[in-house]
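Just the one chain here, the form predicted alone, laid out as structure tokens.
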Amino acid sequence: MTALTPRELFFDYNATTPIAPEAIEEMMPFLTEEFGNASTIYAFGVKARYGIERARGRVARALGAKPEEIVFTGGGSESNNLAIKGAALANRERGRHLISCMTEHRAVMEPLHWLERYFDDELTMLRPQRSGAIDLDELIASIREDTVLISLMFANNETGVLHPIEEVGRIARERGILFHCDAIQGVGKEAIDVNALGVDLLSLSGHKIYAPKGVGALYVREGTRLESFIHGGSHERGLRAGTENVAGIVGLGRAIEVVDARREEEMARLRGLKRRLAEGLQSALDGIDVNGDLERSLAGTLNLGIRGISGPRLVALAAEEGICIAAGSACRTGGTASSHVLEAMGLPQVDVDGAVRLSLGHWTSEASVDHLINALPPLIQRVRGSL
């Protein structure tokens, strides 16, 4: 049997992805001979500007947007901060009430709490249903005359569960409320058309879609007012000062084009592998539950509640075998706190304590899934025996 490569034993694609070879190829000139500043008018600068604008067009096409509606940022967290803080501060006359959900990523929750703490904005944090998705009736009931912004993620980073974003967009439009969607886990995995979804703002991150770390983008619907919070030059239509990361932006543009082209075939493949993985592990051992909704979730994301174990302990044992899995969001790895996502869903504490996230991607194969099905049960039994 052929030995599996380290990439085939990597089951943490929701944390990050390798850079696509196609993206690396297009980035290389901008890391070497094409080193110009895109704000200059001589040849080096013009070539850099062309690379940025070509990438802007590629991102726009993938989202069904106009190129001028795409703002490049330093990553997903910056995109979320610009969307939430920028929209709230630029639209004070609309109100100071903000709506989100208890299962949002920290890159959404922290900007919301910052507005609450320093600007006296009021927050309504919706509690999800047991499946992980919001209740639309609860959302409607929470809307007030002074609601200025709704911010909801497209897909949860821990469970992969999908919110009914198109329905939320319709509700927001009917009431004149701005709608921001953190689509960092959804872009490249689900069909996303900003007009069909009815979003005013949508965040994405490069390193979740086979582009480099340190680059992201924010879709800003034409006419949407934002307050910039990185001040300096007039880059990115005055919304994001600072010399552009040309190579990173070029890589993002090429990567999103690649994942969008192969998305349907790739997601069908990953959904089959996810089912194979869930069924294989549940057949091998008792006490393994799926946290969230197995079907209405991202094709490559599987969150398991393994009873009688500590999730972080299993992650550590798997790492000793060269297998990369996660106990939750990469942004809290190393911490001792339980998953705020699973707790908000009201899951049994045994499923929260024993939660493990398995996320699949381009280099995940049938052989690697079968390897995981065989390798994890003995490790689970070791953890159960030690507690």
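What you see is a predicted model; the values in this text were computed from it and never measured. One-based numbering along the sequence shown.
Not on display, but discussed next: the form predicted together with a small molecule.
S.K.: Is every one of 271, 303 and 359 within 4.5 Å of the small molecule in the predicted bound form, counting heavy atoms?
M.R.: Not a single listed residue reaches the small molecule in the predicted bound form, so no.
S.K.: Could you tell me if residue 80 has a non-hydrogen atom within 4.5 Å of the small molecule in the predicted bound form?
M.R.: Yes.
S.K.: State yes or no: in the predicted bound form, is some non-hydrogen atom of residue 184 no more than 4.5 angstroms from a non-hydrogen atom of the small molecule?
M.R.: Residue-level check for residue 184: yes, a contact with the small molecule.
S.K.: State yes or no: in the predicted bound form, is some non-hydrogen atom of residue 126 no more than 4.5 angstroms from a non-hydrogen atom of the small molecule?
M.R.: Contact check for residue 126: no, nothing within 4.5 Å of the small molecule in the predicted bound form.
S.K.: Does any part of residue 299 reach within 4.5 Å of the small molecule in the predicted bound form? Heavy atoms only, please.
M.R.: Result no; residue 299 lies far from the small molecule in the predicted bound form.
S.K.: Between the options 76, 311, 188, 160, which residue brings a heavy atom to within 4.5 Å of the small molecule in the predicted bound form?
M.R.: So the residue touching the small molecule in the predicted bound form, by this definition, is 76.
S.K.: Please pick, from 105, 307, 221, 85, the one residue with any non-hydrogen atom lying within 4.5 angstroms of the small molecule in the predicted bound form.
M.R.: Contact check passes for 105.
S.K.: Pick from 239-247, 93-101, 207-215, 192-200: which stretch has non-hydrogen atoms within 4.5 Å of the small molecule in the predicted bound form?
M.R.: Result of the contact check: 207-215.
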